[in-house]
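Single chain ahead, by itself, as structure tokens, in the form predicted alone.
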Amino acid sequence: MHAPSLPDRSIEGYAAVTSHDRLERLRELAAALEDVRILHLNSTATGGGVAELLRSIVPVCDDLGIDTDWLVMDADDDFFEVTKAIHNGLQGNGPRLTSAMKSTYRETAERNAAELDAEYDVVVVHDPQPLGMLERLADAMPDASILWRCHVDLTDPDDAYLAFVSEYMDRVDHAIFSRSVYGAEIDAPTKSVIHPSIDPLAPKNRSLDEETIAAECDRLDPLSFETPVVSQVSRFDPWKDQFGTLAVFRRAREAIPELQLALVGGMAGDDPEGIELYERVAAEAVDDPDVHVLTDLPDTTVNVLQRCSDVVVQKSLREGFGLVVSEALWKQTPVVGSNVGGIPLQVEDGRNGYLVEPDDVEGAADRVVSLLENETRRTTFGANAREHVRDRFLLSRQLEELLETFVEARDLEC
């Protein structure tokens, strides 16, 4: 296991976007946790929302005086092939779960658990990948509170994968989900719902000066913002449906011939499907000069793309939450998104964007066109979007709810 490098963060840096009362509440919770040692465990330090969340949460907790560590599992491709299958199975479409897959999973998880020799009061296990560590961790730290933070859409899981994950729930004291419906099939002693959030101080979300924006636009050449741009920013993952977004773009371009599409995604360290899907999407778009398939862009470049796009599309088939939606809305860019997972929590249909069913290519294209053809509506939706995210999906709100959960888990006074 290894500890990722972390950026500097100060709670004072959030004063411009966080109420005084919330900042004071965070300090109050931190004081209650001053003698509590916390560990976050996950399977990758790069790519995907969990790593981005931890990269902000952990240093802010440290700045508040809460002793917080983040460790990432060390694993090979065989393990990640299995855990990707588990992820897909929990979202309803995985291969048959075999005994060999279970053995690969358990051996890697137990090896990682054996490397952990420090003791903690609270251990937060993110998603299914580290669950196999729990038996050894519970034996080594019998007084620790074990929390499972599930970021996956569990509305329609495959029974075999759900049963496999459920085997570990007897070691979990509390489970946290992104939506209440996700926890319906999980038998944990206690459960709660905490919506994920974006970090407004992170390079992907912070305000930028005009010089930086201009320089990053040049980096994106031959994509040009002189004509309309629709973008989707997602990991290259079958659930994100980049092919469906291509279909939406091609239909919308019938009405707006100068339209361009940017399909942008990173490669998560624990997702072996990413490169293969990127290559398939790139091959599908290679003969279309108005489609730009880009990968592993710097965060500041992604910031500018989301900020300068006319419309952002998030055409997911399943979506645990989809923080890229809040990222775009925070930058006052309206979103046309699928009515799945956490997207409808972020997109207010007809107010900051539009919701469509995930297989409704025609409907999505029509809404993209309606936004592109009405600048006043785009501007109004954009203003509504930023305020919606400010109220509900910034880091300080999530951190408050998470710290309250830690306080309750340790039965502390606050």
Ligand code: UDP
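Please read all numbers here as calculations on a predicted model, not as lab measurements. Residue positions are given as counts along the sequence shown, with the first one as 1.
One more form of this protein should be noted, the form predicted together with uridine-5'-diphosphate (UDP), which is absent from this view; the next part is about it.
- Glu52 is the sole member of Glu348, Asp366, Glu52, Asp360 with a non-hydrogen atom within 4.5 Å of uridine-5'-diphosphate (UDP) in the model of the complex.
- A heavy atom within 4.5 Å of uridine-5'-diphosphate (UDP) in the model of the complex is found for one listed residue only; from Gly322, Pro200, Pro130, Gly89, this is Gly322.
- Partner proximity in the model of the complex, defined as non-hydrogen atoms within 4.5 angstroms of uridine-5'-diphosphate (UDP), places exactly one of 105 to 113, 258 to 266, 158 to 166, 176 to 184 at the interface: 258 to 266.
- Shown here without its partner, the chain carries Pro228, Val311 and Ser370, none of which come within 4.5 Å of uridine-5'-diphosphate (UDP) in the model of the complex through any heavy atom.
- When contacts are judged by a 4.5 Å heavy atom cut-off, Lys240 counts as touching uridine-5'-diphosphate (UDP) in the model of the complex.
- uridine-5'-diphosphate (UDP) in the model of the complex comes within 4.5 Å of a heavy atom belonging to Asp299.
- Interface membership of Ser192, defined by any non-hydrogen atom within 4.5 Å of uridine-5'-diphosphate (UDP) in the model of the complex, is ruled out.
- Heavy atoms of Glu327 reach within 4.5 Å of uridine-5'-diphosphate (UDP) in the model of the complex, making it an interface residue.
- Residues from 212 to 236 that approach uridine-5'-diphosphate (UDP) in the model of the complex with a non-hydrogen atom closer than or equal to 4.5 Å are Val233, Ser234, Arg235, in the order they occur in the chain.
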